[in-house]
Ligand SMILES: Cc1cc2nc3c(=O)[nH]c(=O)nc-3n(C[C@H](O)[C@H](O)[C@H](O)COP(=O)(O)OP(=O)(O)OC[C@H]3O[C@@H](n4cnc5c(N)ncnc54)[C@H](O)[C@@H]3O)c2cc1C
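Below you will find one chain, with nothing else, as structure tokens; this is the form predicted on its own, and questions on how it binds or moves follow later.
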Amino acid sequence: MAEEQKNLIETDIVIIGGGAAGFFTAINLAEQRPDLRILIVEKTLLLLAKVQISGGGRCNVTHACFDPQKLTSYYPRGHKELLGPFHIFNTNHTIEWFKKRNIELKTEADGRMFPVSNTSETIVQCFLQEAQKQNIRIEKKFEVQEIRNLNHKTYEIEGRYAIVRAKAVVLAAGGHAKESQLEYLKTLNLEIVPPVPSLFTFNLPQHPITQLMGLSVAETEIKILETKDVFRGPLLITHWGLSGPAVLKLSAFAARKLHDLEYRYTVRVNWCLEYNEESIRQVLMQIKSEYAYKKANQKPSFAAHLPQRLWEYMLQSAEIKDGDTWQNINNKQMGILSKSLCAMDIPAQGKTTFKEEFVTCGGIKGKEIDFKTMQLKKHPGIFVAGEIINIDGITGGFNFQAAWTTAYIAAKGMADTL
């Protein structure tokens, strides 16, 4: 379609992205500057899609961490850049923001915070109603092809069937799976970190431990030998490999390194945190001495926290038969069992997205942004918010908190400067 045939839409602010960051920016800006015409453009027919599916459809709004410094530690990328912004808008402010709109949040045992209603629809409807109340215009099926800076006071956003002309632009299009999806930013000459997946589970093709699918251990230490990254926490064995909080944290912090390794790596698990390979061997030798006639398949007290099937799997790995007593176990078998307990090495190959919570690391480099206003340093009038920035958090509400924080600051930055 020729350019002259495209509809021209004139507005004050155009926000690219109808997700969490886009809506939060629009609503906060409209409240501060009701005189501004605000337009959200979304390339799909779905608004707030990630909000809808987050937390298994309950929407993990934020995390009960109230110290800005500590809060930054949950972000593998962006922790330095977020410290200042978290002093401006953090978890306390998020709770208050929703409370003002009659949405109470509850805290679960692991610190995740959800609406008391237990459904993401509460958050989705809140945003849609606020947008309607503030007369925020929304255009769906608007895929941005190019952004043109006309004169530092006017920007043109070209879509397939329409052109938007605005005084300011907000880039809030979320994470992208491929760098090619950020092609529309090319004219802005920004340094972009190529996106790669974060928050994924580990695939163990054909590994016998997957036969224990469904088993979990509450406290483990898991590391990737090739990267030296280590995390502690619950671990879950699935039919395809390893999952659970420890794995998800590890995948986030090692995301770029694992991508560079083409997702071929070795996972080492310590199932007994109080011991290492050497100290657990000494314990096993003592058990052999004191309980020589006891059957090995009866778990010793140090292994009480391990599921029986996992213990039996370790015995089988050491070729210890079902009826064997401790006196029958030789030194070689003791060595294999010690390693299984505290340094089990499992070759991994590939990854699986965690549920439907697709998160990427990558995006617009932090040095391109003034984090006091979320404005691009090279382009006054263009602001950024959310996951399009090279910032990402681990699972637990942290990615949404970064979206609320950056969106709030972007809205304030525009309200003060336009």
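Keep in mind that this is a model prediction, so the values were computed, not measured. Quick note: we count residues from 1 along the sequence shown, nothing fancier.
Beyond what is shown, the protein has a form predicted in complex with the ligand; the following relates to that form.
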| property | result |
| --- | --- |
| The ligand: the contacting residue among Val169, Ile237, Ala173, Leu250 in the predicted bound form [heavy atom, 4.5 Å] | Ala173 |
| 4.5 Å heavy atom contact, Thr44 to the ligand in the predicted bound form | yes |
| Contact of Lys351 with the ligand in the predicted bound form (heavy atom, 4.5 Å) | no |
| Distance check, Tyr74 to the ligand in the predicted bound form, heavy atom within 4.5 Å | no |
| Partner proximity in the predicted bound form: Val144 to the ligand, non-hydrogen atom cutoff 4.5 Å | yes |
| Option from 65-73, 378-386, 29-37, 363-371 whose residues, in the predicted bound form, bring a heavy atom within 4.5 Å of the ligand | 378-386 |
| 4.5 Å heavy atom contact with the ligand in the predicted bound form for all of Gly78, Ser198 and Tyr265 | no |
| Within 53-78, the residues that have a heavy atom no more than 4.5 Å from the ligand in the predicted bound form | Ile53, Ser54, Gly55, Cys59, Asn60 |
